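What follows is a single chain, given as structure tokens, in the form predicted alone.
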Amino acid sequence: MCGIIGVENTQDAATLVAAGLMTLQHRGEESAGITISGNANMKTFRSMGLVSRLVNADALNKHDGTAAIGHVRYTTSAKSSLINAQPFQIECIHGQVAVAHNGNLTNFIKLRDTLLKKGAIFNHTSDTEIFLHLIAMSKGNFPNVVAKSMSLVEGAFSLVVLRDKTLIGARDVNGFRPLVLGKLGNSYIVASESAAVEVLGGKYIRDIKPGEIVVIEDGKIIKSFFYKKPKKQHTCIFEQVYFSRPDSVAFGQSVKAARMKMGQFLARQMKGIKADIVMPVPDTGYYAALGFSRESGILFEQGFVRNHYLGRSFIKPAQNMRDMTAKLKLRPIKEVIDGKEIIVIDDSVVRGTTSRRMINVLKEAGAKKIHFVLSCPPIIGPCYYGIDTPLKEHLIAATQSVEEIRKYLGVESLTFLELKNLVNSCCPSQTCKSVFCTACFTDKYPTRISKDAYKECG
């Protein structure tokens, strides 16, 4: 999962993009990049690590431009190095072009092999580079060239594209990855989440629709069209479970409200459960635990102190780094936990190793009984649309029953949110209940997945 943003028609474009990327930092901590365009000159700045490292660079502060795009990255299988930090910039028959991408192209390997046979030279191992090759090899009106490149790829992709002062925002026909449109004064903003627009002082207007391409110049939307007929929408439901900020908006309600509902449904599933406290695993378990507490009447307590100077353990690129981060990140508050029967609410169990370690920490702090509760169903299928679940054998729920997982974790009980309750939590109305991708819970994919499907986050 990555975060993207674009701003145009302001001398503060680079500053606004940097601030927007900080708002989207939770979506990727491996690398960050900003491309600035203005006065027929385009410059890209990239660095490994957090956005703060990038914005402290003197060169970035000295480069002027009225339009900019940015990217924060978390990798799955591609090489973790500066060469894969985005945006990617080229010079081609269309001039200077930069692209930043969130998602995963499932036919990347096939397209790459075809382009290599035509003489293309690849400088990156990220699938994002495919867009640049397809754009460079096409002729015609630039928005139509972008549309043609999108029509040739498969999988999940939300894009921001920059050429001179033209900013383009676009989503794939299934709408797997989020992308929103906002307004700030005389400028438009395109971003992965509405919170990134609002933090900048802008106003969220709407989601960019699946299959839609929005072309923006000089503070105006000069064109909006669909590169293909939109298919049935399949937005990733895990956005509301884990990835998105709670102050972002999805389907007409805040992500916070969706997570509160998840907790309420869990309490109904566990009606009659007895415990001294309900506590979240910070931060994504917070609102689900609060909703559970309000529905059940069981006291809500903060039983963990989180070290906020560490990143999100799930999105570290290597397992040993995930383990170390998880160990350092959470510290139990012994006086809250000692001698108590507790309900612990987290967002998900993927591999199980981090959860088991956390449960052991709670036992060491004196927990008498632990009921472990998850605000999503068991994850049984790998994601081919940009989430790090690379192989089925890495998913504990794909190879073990709920009872086996309970024994492995060493908890009194283990409860997963039922899929129908998750969908109901994420929908403020009946109209959106069929718009989600739930393949990781059902192992049924909304697009064709070939045996050589590429698994990589743009």
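Computed from a predicted model, the values in this text were never measured in an experiment. Throughout, we count residues from 1 along the sequence that is shown.
Missing here is the form predicted in complex with a small molecule; even so, the following discussion is about that form.
State the residue from 187, 348, 128, 194 whose non-hydrogen atoms include one within 4.5 Å of the small molecule in the predicted complex.
Partner contact (heavy atom, 4.5 Å) among the options: 348.
Exactly one of 146, 208, 387, 337 has a non-hydrogen atom within 4.5 Å of the small molecule in the predicted complex; which residue is it?
Contact residue from the list: 387.
Evaluate residue 157 for contact with the small molecule in the predicted complex, applying a 4.5 angstroms cut-off between non-hydrogen atoms, and reply yes or no.
Because no heavy atom of residue 157 falls inside 4.5 Å of the small molecule in the predicted complex, the answer is no.
Although the small molecule is absent from this view, report whether residue 108 comes within 4.5 Å of it in the predicted complex, heavy atoms only.
Outside the cut-off, so no.
Hey, in the predicted complex, is residue 354 touching the small molecule, heavy atoms inside 4.5 Å?
Yes - in the predicted complex, heavy atoms of residue 354 and the small molecule come within 4.5 Å of each other.
Might residue 243 be said to contact the small molecule in the predicted complex, defining contact as any heavy atom within 4.5 Å?
Residue 243: contacts the small molecule in the predicted complex.
Look at the stretches 160-168, 339-347, 109-117, 270-278 and give the one with heavy atoms within 4.5 Å of the small molecule in the predicted complex.
Checking each option against the 4.5 Å cut-off leaves 339-347.
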